[in-house]
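Form predicted alone, single chain, as structure tokens, below.
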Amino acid sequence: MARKFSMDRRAYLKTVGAAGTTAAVAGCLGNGGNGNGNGNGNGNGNGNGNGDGNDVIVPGTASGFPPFEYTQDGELVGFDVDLAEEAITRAGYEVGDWVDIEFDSLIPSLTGGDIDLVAAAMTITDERSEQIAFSNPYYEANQSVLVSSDGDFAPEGESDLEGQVIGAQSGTTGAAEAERLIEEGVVDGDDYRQYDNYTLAVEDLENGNVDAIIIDVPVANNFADSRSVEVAFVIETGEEYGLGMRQDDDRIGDINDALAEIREDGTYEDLVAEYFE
């Protein structure tokens, strides 16, 4: 079951982040593919050096995707939330107010300037990369088929989904896998349900309105820990998640440097332990 950071834990991470920024070594990812810290060797000077005072990064996400992003006691929490805030802070910028919207609205909001960074377990794809710039990958995952643990339907492979009603969250790679199954003739297009978020999809699954949903493995496992659902089988997709920024936003180099430092000093493992173990 995913757990939320305590306020003391969050304060600790921010303290570590501030100290880490001072001690950061330029090019800590080991190559120039991260933008080389925007050419200035540090993150802190970049935000005020672009001429427009862009020292605040406004992050956006789509809650309802635990343990990556979800609401608890009215507060937005999750692995992505803490990772993004830590990366922004270490990169030398101020974290703006989070914007929580539907997943398929994130890229339009980013390119339109309403938000500056997407932190929403977003898979890096060629299609998305034509619209936005991604950070270096920070998480790997596959897709899974989630079914009710109280029902009789226990598929072992994709062919078993024939004649069944399946669902996925619109705009996700789970939806892309569902559409692939439709194109391959495994699932009938009339038997496909799209949802604004996976919380609604899981509720429909528990209520028997859909037979299975296709969803990222770590999120499926999280739902299985707290709801009457279980993973039937995994679809190997080999996805990588990245933080998204506008293609003309040079600050992504600083974010990459910060992500590398977060991995190197053990903070990343702390986050994984907090939310996935």
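As the structure is a computational prediction, the values presented were derived from the model and not from experiment. For every residue, the number given is its place in the sequence shown, counted from 1.
As for the form predicted in complex with arginine (ARG), it is not shown, yet the points below apply to it.
In summary, among the residues A178, L146, I88, A120, the only one with a non-hydrogen atom within 4.5 Å of arginine (ARG) in the model of the complex is A120. For the options F103, Y195, Y93, Y139, the residue carrying a heavy atom within 4.5 angstroms of arginine (ARG) in the model of the complex is F103. Segments offered: 182-190, 150-158, 168-176, 202-210. Contacting arginine (ARG) in the model of the complex at heavy atom distances within 4.5 Å is 168-176. Contact annotation: E239 falls within 4.5 Å of arginine (ARG) in the model of the complex, judged by heavy atom distances. By the criterion of a heavy atom within 4.5 Å, D249 is excluded from the residues contacting arginine (ARG) in the model of the complex. Contact annotation for A62: at least one heavy atom lies within 4.5 Å of arginine (ARG) in the model of the complex. The single residue of 66-82 lying near arginine (ARG) in the model of the complex is E69, the criterion being any heavy atom within 4.5 Å.
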